[in-house]
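Just so you know, structure 1 and structure 2 below are the same protein chain in two forms, each on its own as structure tokens.
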Structure 1
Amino acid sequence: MNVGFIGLGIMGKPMAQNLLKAGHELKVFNRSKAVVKEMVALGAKEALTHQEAAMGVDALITMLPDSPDVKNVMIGENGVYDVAKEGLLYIDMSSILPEVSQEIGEKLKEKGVDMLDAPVSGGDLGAIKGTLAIMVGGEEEAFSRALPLFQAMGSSYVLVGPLGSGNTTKLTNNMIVAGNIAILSEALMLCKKSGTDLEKVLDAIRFGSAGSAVLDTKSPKILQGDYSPGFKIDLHMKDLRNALQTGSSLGIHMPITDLALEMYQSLHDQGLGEKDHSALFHIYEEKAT
């Protein structure tokens, strides 16, 4: 397929690279031009604007930080909406509010553009390896059209329901991940303070009921004190805020999510917002000293 791709960050860049490896033609746009040059060297074409990225392509993918960014690029002033042609498939792989996905999708329908919200899980390693879990909301026909792209970027791709369902699923995913990292950090500090060998503890529990993708991918970062970002604290905070906002609109009380956000806010306030979310362990280290 001929694909436009907007947003070449920690996740977007390797996702775009995997599309190239799978044989798709790619036209890319990103505010930082250094990464665009890298992609051009690999065979992509450069789009000078986000509108240009949407011109003459079969599908357009966005991988952007938050709801306002996606909304601005797609239906804001000088947005893609102004140049979109009937038949374009639009896939937003950002993590945003479900209601914003629905708003954008309804607007794009006026131009005959089909939209899927398809946020991902798996972090930078999953993006690099092409093993992302892709959670999709939208119509079955649009999902079928998108499958060759999803197959290049992920190992799991599930159509959950109508537009907005993908982001509801992603909020669910990141609520669980936040809680999992918090209890993992707390438990490892218990072992550390008791003098128990952390690596042996992890080997002992990895294949039991406590085993998880979070344990496998985040415990090595905690043990090494390596908090280089795979998924930044600030981005996880955004997802937790979106989850709380969505829950509030539904009349749901979510105290664990609220507490996890409070803990990440503490790290952000210490200037650690750009670190990996596994840096939550730092809170327990501070309290243990």
Structure 2
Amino acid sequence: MNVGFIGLGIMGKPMAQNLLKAGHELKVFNRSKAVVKEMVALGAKEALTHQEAAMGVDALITMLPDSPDVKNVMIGENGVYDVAKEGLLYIDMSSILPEVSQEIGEKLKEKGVDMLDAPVSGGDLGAIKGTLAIMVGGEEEAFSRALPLFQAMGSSYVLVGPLGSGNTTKLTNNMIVAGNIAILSEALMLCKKSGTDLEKVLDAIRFGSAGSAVLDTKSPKILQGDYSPGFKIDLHMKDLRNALQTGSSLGIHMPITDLALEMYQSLHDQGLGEKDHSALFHIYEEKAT
């Protein structure tokens, strides 16, 4: 396919490279130009503006930091909206607020543009390997058109519901991960202070009702005190903030998410925002008397 790609960051760049490898033609836009040159050397075309990236392509992909960035590029001043042609497939793979996905999608509908929200999980390694998990919201027909692109970037892609559902799923996922890290930290602190051998405890409970992906992947980091990322605290905070904002507009009580964000905020304020999110264990070490 002929694809425009906006946002060549840590995630966007390897995703775009995997599209090239799979034989798609790419037109790329990024604010910082070094990475654009890298992509051009690999066979991509350079777009000088984000509007240009959206012109004369079958599909446009954005991979940007947060809701305001996507909104600005798509429906802001000199946004893609102004130049979008009927029949364009627009896929936002950023992790943003579900309600912002819906707002942008409704506006683009006026121009005959179909939108999918398709945030990913799997981190930079998953992006490089092309093994991302892609959570998609939108229409079945648009999803089908996007499949060749998803196949190049991910190893799983599920259409979960209407536009916005992809981001709701991502928030759900990252709320659960944060809560699971918090209670794991709390429980391991109990073991540690009681003088129990943490490795043996984990071996005893790993395959039972307390077992989880978080326990498997994060407890070794906690035991070794190795908080190299991984998934950075600052990024996780963004998701938790978006979850709380979404929950607040839906009228949901979210005490665990609140607590987890508060703990991450405290770590961020100590300059640990770039550490792996399992560093939440620090909070329990600090508060132990």
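Here the rigid core means the biggest group of C-alpha atoms that line up within 1.5 Å when the two forms are laid on top of each other. No experiment lies behind these values; they were computed from the predicted model shown. All residue numbers here refer to structure 1's sequence, counted from 1.
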Report summary line: The chain seen in the form predicted in complex with another copy of the chain is the one numbered 2
**Report entry** Core fit, then residue 216 C-alpha moves 2 Å or more between structure 1 and structure 2
**Finding:** yes
**Report entry** Rigid-core frame, C-alpha of residue 190, shift of 2 angstroms or more between structure 1 and structure 2
**Finding:** yes
Report task. Determine, after fitting the two forms on their core, whether residue 25 shows a C-alpha shift of 2 Å or more between structure 1 and structure 2. Result -> no
Report task. Taking the rigid core as fixed, quantify in angstrom how much the C-alpha of residue 275 shifts between structure 1 and structure 2. Result -> 4.4
